[in-house]
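Okay, so here's just one chain, in structure tokens, the form predicted alone.
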Amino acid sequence: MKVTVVSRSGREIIKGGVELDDSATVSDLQNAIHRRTKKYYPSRQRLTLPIQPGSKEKAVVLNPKKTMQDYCDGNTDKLTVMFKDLGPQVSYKTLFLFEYLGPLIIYPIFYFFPVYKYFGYKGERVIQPVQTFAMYYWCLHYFKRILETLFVHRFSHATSPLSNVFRNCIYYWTFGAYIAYYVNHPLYTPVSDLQMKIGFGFGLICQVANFYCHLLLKNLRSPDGSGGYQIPRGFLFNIVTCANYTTEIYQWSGFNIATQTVAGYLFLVVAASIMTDWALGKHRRLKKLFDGKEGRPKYPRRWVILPPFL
């Protein structure tokens, strides 16, 4: 069969089209495009079926695992697909490792090294117990995230735009330095011993709960990341749609109860806002997908991210 590959403007990307076997998959087409234009490796390609001018329907994205015949609509000889360049890509593991490694390295620098003399502080620095516990808590959190990235998370999409590496690193690394500066400052005033213990104790419980939530989510997908959307069940997922975000917010709440800085609470507000937006999107998708029609299960009644009684 012959496949014509065009851009959104109608310009032909591969001159003369691509000749494929009748049993070829979308992945075979992507590899053929890559052979003809080395710049466009498969993860950089987004292939869709053409949409009629003026149509409000979303374009159908071609699944690399399906055959080209699945999209031919009865015409087995010719097919036209629209091509979009997604730009340079990196794996999600690479993205997460970069964004988490920064805070893991930056925070201890403010704790172990005399950096405050470069900010004009000349006095002797006395390290408070809460500052030591905060450093261990912080490093445990990001070390856990790195281990989860390597051994737990299964990604539905193999890659992410390269630009996200810079954006996410700026976010995590800047907040890491911002919080570390104030928590480890020589003039930092610690909270009471009881408040510190409550904060870190609550936060550690939430870190363990967060890890368990990620294990439950892992089991919803196969090792290659496939499996599509499924209804998460068990533990806090029986109450909220995004229990992993719930426990993430609570573990940072524990850190801030124990350390009490404006920088930490600002990070909590920003992070909670971002995760709430993600959770609302996922909640809507699951309710739309599992609507109880045509034999599909109905999505159970759940809170989105933060139940009012917690």
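Residue indices: 1-based, along the sequence shown. For clarity, every value in this text was computed on a predicted model and none was experimentally measured.
Heads up, the form predicted together with a small molecule isn't pictured, but that's what we're talking about next.
The partner is not drawn, yet in the predicted bound form one stretch among 238-246, 254-262, 53-61, 35-43 has residues with heavy atoms inside 4.5 Å of the small molecule: 238-246. Although the partner is absent here, P232 lies within 4.5 Å of the small molecule in the predicted bound form, judged by heavy atoms. The closest heavy atom approach of Y250 to the small molecule in the predicted bound form falls outside 4.5 Å. Although the partner is absent here, N210 is a contact residue: one of its heavy atoms lies within 4.5 angstroms of the small molecule in the predicted bound form. Taking non-hydrogen atoms only, A271 approaches the small molecule to within 4.5 angstroms in the predicted bound form.
By the 4.5 Å heavy atom rule, the three marked residues K117, T132 and Y136 all fail to count as contacting the small molecule in the predicted bound form.
Think of it this way: in the predicted bound form, the small molecule has a heavy atom of just one of L286, V18, A24, I13 within 4.5 Å, and the residue is L286. Proximity to the small molecule in the predicted bound form, defined as a heavy atom within 4.5 Å, holds among Y121, F143, Y171, Y182 only for Y171.
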